[in-house]
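The form predicted on its own is given below as one chain in structure tokens.
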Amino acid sequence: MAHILHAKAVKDGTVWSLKLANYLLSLCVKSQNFDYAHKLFDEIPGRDVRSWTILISGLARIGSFRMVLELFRTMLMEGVRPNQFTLSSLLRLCCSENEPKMAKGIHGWILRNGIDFDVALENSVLDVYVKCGAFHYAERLFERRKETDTIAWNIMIGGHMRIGDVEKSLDLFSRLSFKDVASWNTIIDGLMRKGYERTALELLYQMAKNGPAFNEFTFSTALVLASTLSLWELGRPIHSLVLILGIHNKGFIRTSLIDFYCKCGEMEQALVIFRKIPQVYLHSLNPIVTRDESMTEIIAWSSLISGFVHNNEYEDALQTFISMIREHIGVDRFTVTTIASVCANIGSLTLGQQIHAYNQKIGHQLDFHLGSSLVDMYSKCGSLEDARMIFKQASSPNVVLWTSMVSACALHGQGREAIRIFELMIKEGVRPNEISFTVVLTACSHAGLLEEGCNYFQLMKEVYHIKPGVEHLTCMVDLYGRACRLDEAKEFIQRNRISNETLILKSLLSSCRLHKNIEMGNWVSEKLLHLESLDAGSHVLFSNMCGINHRWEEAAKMRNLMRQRGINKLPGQSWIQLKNQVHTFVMGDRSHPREAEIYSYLDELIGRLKEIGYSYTTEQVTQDVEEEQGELFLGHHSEKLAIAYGLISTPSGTPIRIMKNLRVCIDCHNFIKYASQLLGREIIVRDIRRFHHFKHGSCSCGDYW
């Protein structure tokens, strides 16, 4: 429109007035036609401060930092004095680009040149110091101001929340005499982001009762709060209200609704909202879609994918991701990270490699978020070397990325390597957090490194002043228990006054089973059954321990108790992925199309393994049956069936990768060791606790799991 009016004016010989020129320039800037705006700007005779401000503010909105600074310098060289609006635009750009040094320079220039501070300019200075991390400057300015409007108070409320001073932020909010909708939004959103969801909820109810009317941002924040707390009774009325007000199709409200229903497990309702997105927005290459609208739709797709993952619907998540690519929707880092977690959960190395390659194609850099996600994905898919490669490629690793690499080594039974990386992290000046200590203690537990684990537990408490959580205490009990120091484990529980943490007690019961300590097992079982009378794991652990100790009557009594209480044991499952198809097996499974080949090969293989020393570990059979029947139980475990299928379906020398939903038993562990020796195959098993890499008759866990 601007260039048409310009051409007509030139053709008609219209007098080229400054007012008309500035009007045309503002039209160009609003339509983001900056090439023509620059051309028009150069032709304007006698450009005034308004001309410069229009172009500078327009470029500032799209983040052209260097270009804006160059224009500002040229403006000053030409003797044009900037006004408050020009300077506010520059300060806002410093905010968005996180340039505190430049902001201080502009502030100093304002003071040196005697520019009058209006309220808007004062607030811009305040805002830039808050958002650029120079909070002490902002506090000083706020205290010195004779008159402060609500906007200034809102800036400081948000600023205190940003640095984690929640108490001060709430104090300022309570002292604010007139609270507008932005004040309420700032405090509620800030509390929610800092993990004070319940306090945020209380204030939301106060706002609804006594505060101003909700605006679109309030509704969106309320929906996010409902999602976080899974409050169906809050989210549903809000949905009804935004429908009544006709704002349900606003981009960020729609994405908040999708996220709410996903978090509440209502994927069908989330899909209904998603499918109502106007088709004109679903193509990021569409020229009439603005950048903000395009980002909103990317978030909508990402929220839907994340929702499928949250509800363990991994296949739907992958299909949605594929559709997202086909529709030419831009894929952000968050979506790549989410899909990488899908690959990790299903253990698909091939798919994970494809996602990694796609990320390289679209050009997302390996920051610590994406890097840690890919490290986790590769480690959980069984490729520790690829995880190491990603770790080395990532720029400026932070504690999250370092911890992911320590965790990867722990998962693969490389306890010493996990400790080496943990020590290197500390040496590099990265402060470990509570999760870092959880994974290094887990590494010590998996590798039987009791002394090292005890040292790290003390380091965590005494040097880093981290209060031990349930995870840390569980690791320590597991460490003592695996080392057959059950009395010390019990003493540790009593010393730390742990009386009702079932996870810790289950760890100790598992150790009692491992070392056949029936007396202590009885003590732990009584506590567990009192705490969780309907928990299958506790019943099964005790029943199995009785069976291993040939106390069949007690084992049978426990199984009868489970039946009476309607408690079902989780069946063991193993699965293998070949040619993008997942094949799942359970013990004695006859449902596979190639079951005759599988069983025939497995029986033949067991016979060959017996010739080189393998024998059934029948003590693992937890029911009072004849030895021959016990061998039949063991011979058809799900992991054996999955491995047999993998062996008959892949070329010789190809590694076999399987996953199991429970811990691998001793007999299957021995079976796989002998199979890897006889066949010269690497067999990689991911059970519920860790990876086992079987090669040349030995396992990476060192028979310690």
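None of these values were measured; they are calculated from a predicted model. Heads up: residue numbers just count along the shown sequence, starting at 1. Note that the rigid core is defined as the largest set of C-alphas that superpose within 1.5 Å between two forms.
This next part talks about the form predicted in complex with the DNA, which is not shown.
- Under a 4.5 angstroms non-hydrogen atom cutoff, the DNA in the predicted complex lacks residue 196 among its neighbouring residues.
- Using a 4.5 angstroms limit between non-hydrogen atoms, residue 251 touches the DNA in the predicted complex.
- At least one heavy atom of residue 403 is located within 4.5 Å of the DNA in the predicted complex.
- Proximity of residue 496 to the DNA in the predicted complex falls outside the 4.5 Å heavy atom cutoff.
- For the marked spot (447, 512 and 649), a heavy atom within 4.5 Å of the DNA in the predicted complex is absent from each of the three residues.
- The contact with the DNA in the predicted complex, taken as any heavy atom within 4.5 Å, belongs to 185 out of 507, 185, 89, 348.
- When you look in the predicted complex, the only residue of 273, 318, 121, 299 with a non-hydrogen atom within 4.5 Å of the DNA is 299.
- Listed stretches are 235 to 243, 78 to 86, 522 to 530, 185 to 193; the contact stretch with the DNA in the predicted complex is 185 to 193, by a heavy atom cutoff of 4.5 Å.
- Applying a 4.5 Å heavy atom cutoff to the DNA in the predicted complex picks out 251, 252, 255, 256, 259 from 241 to 261, in order along the sequence.
- Taking the rigid core as fixed, one finds a CA shift for residue 158 of 2 Å or more between this form and the one not shown.
- Remark: with the core as the superposition reference, the CA shift of residue 506 between this form and the one not shown stays below 2 Å.
- After superposition on the rigid core, the Cα atom of residue 470 is displaced by less than 2 Å between this form and the one not shown.
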